[in-house]
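Two forms of a single protein chain come next, each set out by itself as structure tokens; they are called structure 1 and structure 2.
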Structure 1
Amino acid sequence: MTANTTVTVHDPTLRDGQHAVRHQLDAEQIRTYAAAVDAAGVPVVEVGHGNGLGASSLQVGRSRLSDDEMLATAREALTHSRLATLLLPGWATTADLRKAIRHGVDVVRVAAHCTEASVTERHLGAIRELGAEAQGVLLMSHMAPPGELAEQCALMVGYGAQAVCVFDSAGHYLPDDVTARITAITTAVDVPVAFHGHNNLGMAVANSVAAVQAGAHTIDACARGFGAGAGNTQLEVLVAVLERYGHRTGIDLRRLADAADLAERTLMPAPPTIDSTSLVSGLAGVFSGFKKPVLAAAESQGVHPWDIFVELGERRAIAGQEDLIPDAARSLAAQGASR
């Protein structure tokens, strides 16, 4: 157990929170929140469409603002905090990347499913060439065991990643799961390691503390946990708890609480809570964005949505595999499962 560690808090409220408002944040919302956390001393502020650079589309939702507008607005509001953004190689082109870095982005995260690090190679290389900090992200990281995650992280470091991040995208982890994975990764690579939690099992803060104690350097967290479903690790709560443990964040907690109040008033209809869909998707380790098609399939087949999520977990369904949902519902109905 590491006490008195310095922890870098990375705030993706203005990127991951977009999922909760269909990517509709406007310039005033971005400007005022970015200025508030900048004033509180949050070291890194991540901004963008929920799915990252170039993702605004009919398929995953058009954002209110273009990438250019979002990044320029945030850049202007930040006086000390570094500006970060994220990209998924399926959406962002090298041209998107070049424009983002021209807008003053300091850190670019390149994200891939936890077993697919190889798809990050080209973008990580391009970010390094363009002079920004390159970070590699593994999504749905509970789907790979600690050793494999560590290998995938080592691949990303080989491609030029200057930090690696594991996302608990489904909110499935308990603290021991996090300890095992962060320990394996910090042993395998010598760049900073970040952890990004979701609160489906009410464990996001406890998991983040476990990550720090296992050697994580950076923790992601959003004001009031702003994000889809059960939300992310709650930023102001995380900072308070890290300080109770004797870790240093460099953040003014009273100002951060004011920024979180602002976020609650101006960014979100209501702070996230853990509903039954979030709970079962976290338990089953399934993407919580499946909620709507699962409810529809449950209705049409007369089975309980809970059972469909459990079945999708057993089938190891990942985001994009929505076609598994009606099939899972039909097979449950055939087995005689009922609401």
Structure 2
Amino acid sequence: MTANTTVTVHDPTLRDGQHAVRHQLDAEQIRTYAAAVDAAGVPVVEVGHGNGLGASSLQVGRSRLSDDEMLATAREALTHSRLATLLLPGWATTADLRKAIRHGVDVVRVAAHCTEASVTERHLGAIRELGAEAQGVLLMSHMAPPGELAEQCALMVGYGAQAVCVFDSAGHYLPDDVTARITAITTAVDVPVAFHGHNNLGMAVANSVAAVQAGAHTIDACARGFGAGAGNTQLEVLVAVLERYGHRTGIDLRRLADAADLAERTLMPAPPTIDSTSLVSGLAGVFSGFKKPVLAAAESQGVHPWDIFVELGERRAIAGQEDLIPDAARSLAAQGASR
């Protein structure tokens, strides 16, 4: 992309940020933040449980509000911004999808592990039939080479995806990694391409810029980086940097900065930081959302969380496999690993 290209900013603060607070955002928090970013001109606001529609459960955490309550609250507050939500096959049902669209959801993202795009086919088709925009997402995208990611994205487009997005779920990428993957994907598909970064190695904004320069049209980012582990690409910083590069976002940066201040005051105990646990998560290529259960398992078994993340990386653990965390901790304890 050249300077003056328009970049669409997709804000999942009220979905990915839920990971950082165990999915406990309440209606007032959702309403107030949604209204603030709507006023700032953020084009798309994503809302829901951290793991998407239907995911509130003992396994990955029960949310304070139901999907219906979260989406209805956000829809009322968003007078200009489009409302988005996430769906992971295996959690959400077609009934969940129908209810979400009845609540005014404009965009539904269907996410799958980076080598399993085939599981998105039914849901992508259903979204199109129900009249919402269907987008396909590949999670843990560092676990597949550029060519394979491009092939998986092409499959999703064939299933009806009107845009495709790759998640750096573990915050593992460097800019050259992003450039190679976005270039391969934009060559393979004729729909908009999006990038979603995490900040475990401190590279989320740089990686997002690399994605834009390689042809991505949409970038995900959260206020103050609010998200799992070390957090996501920081929204207000991203927009400022894109402006410095000459890219248009249509966002009022001053109002966005106010919305980010509001988010820090009302949504999060503290902004995310890159601590040692988040750092090893990025190095090992393990889902950032595993941070809290890894810390709990480390405490329970008397082993170092660093070693658990390394073990999970060797096992190629992916989001949704939280049950592997205590098993890895017990295995390390049995081997005599200790803090």
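The first residue in the sequence of structure 1 is number 1, and each one after it adds one. For clarity, a rigid core is taken as the largest C-alpha set superposing within 1.5 Å between two forms. Quick caveat, the model's predicted, so the values are computed rather than measured.
Between the two copies of this chain, it is structure 2 that is the form predicted alone.
Superposition on the rigid core between structure 1 and structure 2 places the CA atom of residue 22 less than 2 Å from its counterpart. For residue 61, a C-alpha deviation below 2 angstroms is recorded between structure 1 and structure 2 after rigid-core alignment. Rigid-body analysis of C-alpha superpositions between structure 1 and structure 2 gives a rotation of the smaller part of 20 degrees. For residue 317, the Cα deviation between structure 1 and structure 2 after core superposition amounts to 2.9 Å.
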